[in-house]
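First comes one chain, alone, set out as structure tokens in the form predicted alone.
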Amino acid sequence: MDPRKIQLPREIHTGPGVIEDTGRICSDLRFEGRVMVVTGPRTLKIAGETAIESLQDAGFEVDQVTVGDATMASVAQVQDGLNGTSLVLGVGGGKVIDVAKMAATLEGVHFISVPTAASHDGIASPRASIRNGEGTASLEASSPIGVIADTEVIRKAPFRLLASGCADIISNYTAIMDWKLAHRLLNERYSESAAALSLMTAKMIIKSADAIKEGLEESARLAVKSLISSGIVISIAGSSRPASGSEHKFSHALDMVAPEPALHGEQCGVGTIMMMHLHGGDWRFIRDALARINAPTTAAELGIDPEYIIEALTVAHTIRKERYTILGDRGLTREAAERLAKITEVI
């Protein structure tokens, strides 16, 4: 077997108010000199300014860049300012974190993830979702050296983001089924420990679904803990397999075909309902769990026309063709896709 490296965050700080310790945390990790803080237009006020102030109080020289979308143009914008920088901090939602992570990876600079919402498992994973001409590509990146997740900040984020993050974790169920299938049919490398941790994380979210409520610090803490765990599972597996299967292919296909896609985790959740049916599993169990956390379970709740759901189902198998899933090599016919979406009450 080939030698492998598992890269994990060195320190994870969670709890109310931890963002105010950003400067001390970075000093304790032996960083000094110039650092770059990457934020979004809204997250600069929400958390970026607090992080910058804390860094300056600890003696750091801080450069700040505001990015919009998660594109290679945004990544290049961050890279341009990284001369002589010892550390990049991504303070924001999923797009900000992905852009900062990718820029830091390409420049060989360390990265700290400072999420302002618990919307997807990119918080601690060695992957970054970056938009290209055709949709969104999941690119290999370095794991963050640290995570600073202020649950007070995350608690105040729109609840839709938290529900989306939880749906992203629930989608681990079908991702593991697809991984096992590829292992049986193609002898793809499979990690029992990564699969077990991934499933345990998903089960923990479903078990606690009734306690996941808007504005609760405990809900924010649970979601963040689970998303970090899911990201670490990807590092252990050496691939995103334990957290990304046919349901993620469906979500990436929707990004391509729908004029206005929903949130990544929301789409993955709806994808999980349908892929669970294809696997012959209990799709109602998944649907009911998503409903309990107020995540979408239908096309109407996603705000996406049924036609795009059907189209995404028929092209999903073409995304990351090397990743074998229940969709097979030929995918679904239009008739099969429509039937699947209707049986599972998605349309």
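Residue numbers run from 1 along the displayed sequence. Just so it is clear, the model here is predicted, and its values are computed rather than measured.
This next part talks about the form predicted in complex with a small molecule, which is not shown.
Proximity to the small molecule in the predicted complex, taken as a non-hydrogen atom within 4.5 angstroms, holds for one residue of T116, Q267, S198, T174, which is T116. Taking a 4.5 Å heavy atom cutoff to the small molecule in the predicted complex, the contact residue among T151, T85, S143, S129 is S129. Only one of 73-81, 187-195, 209-217, 91-99 places residue heavy atoms within 4.5 angstroms of the small molecule in the predicted complex, namely 91-99. Contact here is defined as any heavy atom lying within 4.5 Å of the small molecule in the predicted complex, and by that definition not a single one of C26, G48 and H110 is a contact residue. The shortest heavy atom separation between G271 and the small molecule in the predicted complex exceeds 4.5 Å. When the small molecule is considered in the predicted complex, A157 lines it closely, a heavy atom lying within 4.5 Å. Using a 4.5 angstroms threshold between heavy atoms, I232 stays clear of the small molecule in the predicted complex. Interface residue remark: L263 is counted as part of the site for the small molecule in the predicted complex, having a heavy atom within 4.5 Å.
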